[in-house]
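Next up, structure tokens for two forms of one chain, structure 1 and then structure 2.
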Structure 1
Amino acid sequence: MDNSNTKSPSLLGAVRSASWSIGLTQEELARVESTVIERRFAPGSLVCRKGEPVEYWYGVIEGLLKLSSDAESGKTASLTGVPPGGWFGEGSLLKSEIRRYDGVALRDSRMALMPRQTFLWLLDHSISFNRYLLTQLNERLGQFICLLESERLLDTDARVARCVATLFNPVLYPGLSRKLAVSQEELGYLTGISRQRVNRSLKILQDAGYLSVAYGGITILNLDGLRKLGS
């Protein structure tokens, strides 16, 4: 993990292109840029750990993350994946609680970290940032309701479809095209399903015209259909 505080062009670009920064004043944006830092994480390493104090708001510049929670029994609940352009952790920052999940890098990942003090300062000074958070939290709530429905009511193929669809959420992960570099192994980690079973589901979804699978990536052909599959 690289703890360098260097403000790389890609870090500043990730900040300036983020949905939450569009309505900031020059003063507000300057404060963010002066305090945000960049860190790199190797595959399998913890970006943030369950039970620790929440010190940062996290944005994915490059890579792919899995948010999950492990029980004492050894069971793991995969909550969601976060592709490039996604920011997470605002709920824990707002509630001033310890983190309730792990963030794990599934591949080499570059992260933007906004300190808690800067996040809270924006809450106090920026109306546009508050409006963004309302939309973000509402979208996140809908995402987890969908996840709960998926886990309890849907078959495996529909669960894989919903998982893929969540990675293409234009509100939570703006700027993504209809093609995402994600492997079947990574989808297995996100869904809690074996890679072999994910492979089978993707073939079924491809034959049905929902997506196209190529080496190292997926192209979405019918995003609305993926979201509604099994409903």
Structure 2
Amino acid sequence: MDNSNTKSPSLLGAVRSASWSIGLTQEELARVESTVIERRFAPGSLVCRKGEPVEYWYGVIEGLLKLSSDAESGKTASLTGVPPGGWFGEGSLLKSEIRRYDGVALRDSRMALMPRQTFLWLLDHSISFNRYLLTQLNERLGQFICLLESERLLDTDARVARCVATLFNPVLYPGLSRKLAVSQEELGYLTGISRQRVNRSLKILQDAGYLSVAYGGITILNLDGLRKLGS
């Protein structure tokens, strides 16, 4: 159930291959590389917590995590999953506000942490970094609008389909395998639908040939089909 990229990537490798780093000058890149640090997180542990001051911009080197928010009612809502190659937290950094949701490791994960100061320095110095952020925010906005639209217009099965497809956004998360090691309960949190109902939807989507269901996760067979379902 592992990703197919068996080679475990280094911190600097992850930084250099990140899509936001290709437009940086040598000087800028050097500054990034000298300040970014790596940290490991066990499954279930909190990478960052709602309400904390925002100290870092986070990148997933290896593993998988989710951004989620809990209510005092006990309910939990996962907003999105972040696979390797994904970076998050720029929103709160830009607004210089406290963090608005939790980051939770779903598996053993290695994270790259860029200090806020470096992030803001890039923001002030690099035009290409600005352009990257613009693209990233725009893409994420599109993702959430699409999600909301689905919630309003589509039936439950199609919502599950789109939500799964969302996790494979090629702009936000480049070069991802087709396997997603996520439990159906977690998919329930991601979609906002009960586990039992997700289970039924997955079976329907499997019968229709869009994906295949296995014990610890699912495999996407027809990504484009999932996206377009019910639209």
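Residue numbering: structure 1 sequence, from 1. Heads up, when I say rigid core I mean the largest set of C-alphas that superpose within 1.5 Å between the two forms. Just so you know, these numbers come straight off a predicted model, no measurement behind them.
Chemist: Which of these two chains, shown alone, is the form predicted in complex with the DNA?
Modeler: That would be structure 2, which is the form predicted in complex with the DNA.
Chemist: Do you see a C-alpha shift of 2 Å or more at L187 between structure 1 and structure 2, with the core held fixed?
Modeler: Yes: L187 shifts by at least 2 Å between structure 1 and structure 2.
Chemist: Rigid core fitted, is the C-alpha displacement of G216 between structure 1 and structure 2 2 Å or more?
Modeler: Yes, the C-alpha position differs by at least 2 Å between structure 1 and structure 2.
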